[in-house]
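There is one chain below, alone, in structure tokens, taken in the form predicted alone.
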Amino acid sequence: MASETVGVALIGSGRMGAFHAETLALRLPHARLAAVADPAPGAAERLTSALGAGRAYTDVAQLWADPDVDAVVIAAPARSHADLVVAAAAAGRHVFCEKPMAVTLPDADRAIDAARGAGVVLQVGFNRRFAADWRAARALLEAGTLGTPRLLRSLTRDPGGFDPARVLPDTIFLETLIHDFDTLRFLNPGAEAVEVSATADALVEPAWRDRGLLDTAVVTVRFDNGAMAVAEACFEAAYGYDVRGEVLGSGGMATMGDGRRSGMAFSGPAGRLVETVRGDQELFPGAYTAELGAFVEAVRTGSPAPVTGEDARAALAIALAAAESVRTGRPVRVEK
């Protein structure tokens, strides 16, 4: 029988973590924010005080002794994700992990095995699967209306303003385009990527090229059902945050996303103008809430997670192949 509420702890109280904390505390009736853990002095306390919910910890290990914690949401830096998944599973806590779940395939396997062995839910934060446009396109695919996918496209363009000193090598593949790689799999049901060819450069911050920061990339992906796909990303779009997708199938085409803040357009002396979205939380508030809602329901009811560790591993394999393709200048087979 489903429990009434699920006590969820947040690990990491940064920009995305704070949004997830608000969702757990205020937006989901079957969830409660039980705790926040963040090693930065005062960070967890500031968030729990602002929300009036949860205990504040500076040591993640304190969560495993807290009886009110049934599950955790991991929103810490990406390189710590796999270890945190393993630790949470060992403590018997269900896990929602922001992407990427891991940055190497062995670590991804380690996280998957730990969750499976502990019998806990493991869900990964690929939020576009929960956005209305993308869900509607997937429904058309499942109904057969779009027919067999032939050409797919997914893109992410950030609004800029990033600090290049905080960007690690391969970030564009492991933390940005990984969303697009998962989206391409989501929009090509049952198919898996077999080969990747990628090109990337430092076009936004050219001075950082020699230090490994690539901020603009285009990736082509070939799937085992013959479909061909393109994913692209850039860390700076002057007009705002832009996420789009497209599927051309034998039965028609579906397009997703246009980046507009609303359907209103103003026509004046300068022409026709529309307001564009400036950030991910503004574009996808419903999707971010829905993915955590689905996680909480999986924990409450014992149902399968809608986005699994295996999904995260498959997207990671494409990301790693893309990074290798840039380094070698040739197509790379996707590792299974």
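In case it trips you up, residue 1 is the first one in the sequence shown, and so on. Just so it is clear, the structure is predicted and the values come from calculations on it, not from any experiment.
Same protein, other form: the form predicted together with a further copy of the same chain, not shown, and the subject of what follows.
**Q** Can you work out whether a further copy of the same chain is within 4.5 angstroms of a heavy atom in all three of Ala233, Thr255 and Arg272 in the predicted bound form?
**A** Yes, each of Ala233, Thr255 and Arg272 comes within 4.5 Å of a further copy of the same chain in the predicted bound form.
**Q** State the residue from Leu168, Ala91, Val194, Leu203 whose non-hydrogen atoms include one within 4.5 Å of a further copy of the same chain in the predicted bound form.
**A** None of the other options qualify; the answer is Leu203.
**Q** Please identify the residue among Leu184, Ala137, Val243, Ala102 with any heavy atom within 4.5 Å of a further copy of the same chain in the predicted bound form.
**A** Checked against the cut-off, the match is Ala137.
**Q** With a further copy of the same chain left out here, work out from 148-156, 92-100, 105-113, 122-130 which stretch has heavy atoms within 4.5 Å of it in the predicted bound form.
**A** Going through the listed ranges, the match is 148-156.
**Q** Taking heavy atoms and a 4.5 Å cut-off, does Arg79 contact a further copy of the same chain in the predicted bound form?
**A** Judged by the heavy-atom cut-off of 4.5 Å, Arg79 is well away from a further copy of the same chain in the predicted bound form.
**Q** Is the gap between Gly52 and a further copy of the same chain in the predicted bound form 4.5 Å or less for some heavy atom pair?
**A** Gly52: no, not in contact with a further copy of the same chain in the predicted bound form.
**Q** Tell me, yes or no, whether Gly212 is in contact with a further copy of the same chain in the predicted bound form, where a contact means a heavy atom of each within 4.5 Å.
**A** Judged by the heavy-atom cut-off of 4.5 Å, Gly212 is well away from a further copy of the same chain in the predicted bound form.
**Q** Any chance Ala238 has a heavy atom within 4.5 Å of a further copy of the same chain in the predicted bound form?
**A** Yes.
**Q** So which residues in 255-270, when you check a further copy of the same chain in the predicted bound form, have a heavy atom no farther than 4.5 Å from it?
**A** Contacts from 255-270: Thr255, Met256, Gly257, Asp258, Gly259, Arg260, Ser262, Gly263, Met264, Ala265, Phe266, Ser267, Gly268, Pro269, Ala270.
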